[in-house]
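Take a look at this single chain, the form predicted on its own, given in structure tokens.
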């Protein structure tokens, strides 16, 4: 009898737990709308108000279709009777921009419903989960600057190289005015299109300038020559070829062809992820050229770095370091080194203009870096 009662209690407890688990499952709201990055006229992928993403792929002969977005295993789609594959992510995705691709019967393909963005060393599909604070990179009725492509000669690589230059809204109005310059680098697997396309750098700057929160300045974005290095092999990456292109070729070209303030106090460099690592290495070797340093999810600058770099305290006007909050949890503090907040605090205590910013509820992703640009831009080139 005691055994029977024990089993009965266990069964009741298990049933109660299962019921509670079922009631804990969130109800997915059926308010899905097409992603803002969809191809014209395409209904899918879609996103709902909770951040779930839904996909619809026409592949009647396929045996399996999986979307890389949505957790470690991605989002497997299920085939309907009419040969269309449908599926919804198992959980809400982080706000902001995400790369993804399709795996169809083992092959890698882009989603024909959405636009493509260069990342992971290939053109990937992109989806936008609307952020609650997206107003700062929204397209608004304010004066807009221009993003133009330039091709500059590079003797060191025996070719012409490409860069994109953002000029602020009033650049063409006053032909006598000169501007500071920020050299802004992408991450590994991306290229010089990333900050304009994925990052909305031009819209962020347009809005900040319109609000009077930032000085107008140029932004120069070029390829960091990183993509021949695979993940895990970064320790063997040589910065020298890119440093030559940047310092000896691109900067002189920009200063000769744009109305820049071509002195060290009016020149900054920043970058995300691998671009942050490039920024740290290049700026510390060239403090006669750069006065403002920004590392976005790309390491940090320690007091040892300062003490081992002659002239740092006198020449550097700003050290800005940022991360997404989810990059700093557990044992991941610093990502590319030590504790970035502790190192930023140590610099501040040593009298250096050091700013540390954490993007809430984001990881190693573009919303972290969009927010970081919003935060660093007003700090640059203050008189």
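The structure displayed is predicted, hence computed values, not measured ones. Residue numbers count along the first chain shown, from 1.
Note that the form predicted in complex with a further copy of the same chain isn't included here; everything after this is about it.
Candidate site formed by 108, 173 and 203: every one of these residues places a non-hydrogen atom within 4.5 angstroms of a further copy of the same chain in the model of the complex. Proximity to a further copy of the same chain in the model of the complex, defined as a heavy atom within 4.5 Å, singles out one entry of 60, 338, 351, 329, which is 60. Out of the listed residues 91, 313, 213, 146, 146 is the one that sits within 4.5 Å of a further copy of the same chain in the model of the complex by at least one heavy atom.
Heavy atoms of residue 102 reach within 4.5 Å of a further copy of the same chain in the model of the complex, making it an interface residue. Taking non-hydrogen atoms only, residue 73 never approaches a further copy of the same chain to within 4.5 angstroms in the model of the complex. Contact annotation for residue 242: none of its heavy atoms lies within 4.5 Å of a further copy of the same chain in the model of the complex. None of the heavy atoms of residue 49 is located within 4.5 Å of a further copy of the same chain in the model of the complex. You can rule out all but one of 153-161, 179-187, 128-136, 287-295: in the model of the complex, only 153-161 has residues with a heavy atom within 4.5 Å of a further copy of the same chain. Contact residues in stretch 241-269 (any heavy atom within 4.5 Å of a further copy of the same chain, taken in the model of the complex) are 253, 256, 257, 258, 259.
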